[in-house]
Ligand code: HEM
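We begin with a single chain expressed as structure tokens, specifically the form predicted on its own.
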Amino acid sequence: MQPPLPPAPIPPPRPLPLLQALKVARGNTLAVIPQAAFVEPVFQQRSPLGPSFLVSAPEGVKRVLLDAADNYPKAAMQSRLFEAFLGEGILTSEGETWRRHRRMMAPAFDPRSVEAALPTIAATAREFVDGWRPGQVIDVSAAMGELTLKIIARVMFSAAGDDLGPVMERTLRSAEAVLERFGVADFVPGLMQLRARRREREIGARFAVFDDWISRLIAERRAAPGHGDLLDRLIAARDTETGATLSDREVRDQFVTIFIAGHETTAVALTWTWYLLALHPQIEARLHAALDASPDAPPAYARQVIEEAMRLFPPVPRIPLRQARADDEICGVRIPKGALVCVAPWVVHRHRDHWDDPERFDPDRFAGERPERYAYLPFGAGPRVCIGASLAMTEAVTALCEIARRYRLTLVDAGGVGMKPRMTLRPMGRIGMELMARGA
């Protein structure tokens, strides 16, 4: 018998009344999703903004994210919120701007570039673990955040990353505090736009110190390139069709996007991986055996563990909202023009039609034949699938292996672990874990 997964909320048997749903969502936005959403291919939700649909069938997900993607652009309100954080980076840009950015950035994330980053990733993880001691109790969420911050900062900025990384981290946490004030008033016509503009100004002000720092660093690199890091590659990138390069502002926006994708999401994936391994000692023992049998390279089982952890706790629990440009039909359900359409990996990954015993942690799901493409989407899907997926997986698997070769992480208190879903699926508060030296 496997232990339960305490952070996962129990879906309510039926949709909650609006005011109750808003109250519950302030603690955990995933806790309002009712049982029917985990069994129906397309679930119609109540929304103060009009018709709203949660699409979970693989063929429906494919229609929204690939086949009819032009009919489902990102919802304007949410796009403005993301743009306040990310500017016009590859995650937020649309149309020809997005296509140009994608073409220009692709070489920075090709297999050769990811392979070139591997020594930095591994060395940073080993250095980080060198600072640990057996018997020490850590907050695993904070520790994984610190580790992945160091890794992505060094991959992006070489030596300058050790100084710039903490500045970026403080900026993000400060800006995110603005979003914590999202509430019922944000759904009131008239107030909605006013509050959105106020948040955008506040977020912009909180990025001022970082923006000054990164602009000076970009100017220095344009004058003296040659560091061989991701920043150099972004500055040197050229559009294969037009020959254009990225402006300083575009480099900045792409950096912020990559930083969040390469740091925050990987930290979240590793945090829940350690939590799940601590709850499942037999799987942890199998991982250790695989590591011992493969001392010079990450074993396949390590990747399976990460992939299954991301199924149960997808780092991005909801893909940004889409809004139908025209009437459509998904899995036999009519979608009217203007309707909001959501694809939520949290639901897709736990859907009863796609997965046997979906609450069970079983890395063997990823041995042999792969799951259906649009039933597993920790990095999104379609043309806008995460460009840094390969780098993120390499980082997560490498970090897992470097730590697990030397330590077991055991829960200090197995109860009381919760989730705080925002842009990513962070835990609520501290997850205390004791470091146990392997072989001691």
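Computed from a prediction, not measured in an experiment: that's the story for all the values here. Residue indices: 1-based, along the sequence shown.
From this point on, the text means the form predicted in complex with the named molecule, which you will not see here.
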>> Is it the case that Thr266, even though its partner is missing from this view, gets within 4.5 Å of the named molecule in the predicted complex, heavy atoms only?
In response: yes
> Looking at the partner-bound form in the predicted complex, is Gly27 within 4.5 Å of the named molecule by any heavy atom?
Replying inline: no
> So in the predicted complex, does any heavy atom of Pro34 sit within 4.5 Å of the named molecule?
Replying inline: no
> For Trp98, is any heavy atom within 4.5 Å of the named molecule in the predicted complex, or not?
Replying inline: yes
> Pick from 371 to 379, 49 to 57, 399 to 407, 35 to 43: which stretch has a heavy atom within 4.5 Å of the named molecule in the predicted complex?
Replying inline: 371 to 379
> Considering the named molecule in the predicted complex, which of Trp355, Tyr301, Phe109, Phe210 comes within 4.5 Å of it through any heavy atom?
Replying inline: Phe109
> Leu291, Val341, Ile319, Met104: which sits within 4.5 Å of the named molecule in the predicted complex by any heavy atom?
Replying inline: Ile319
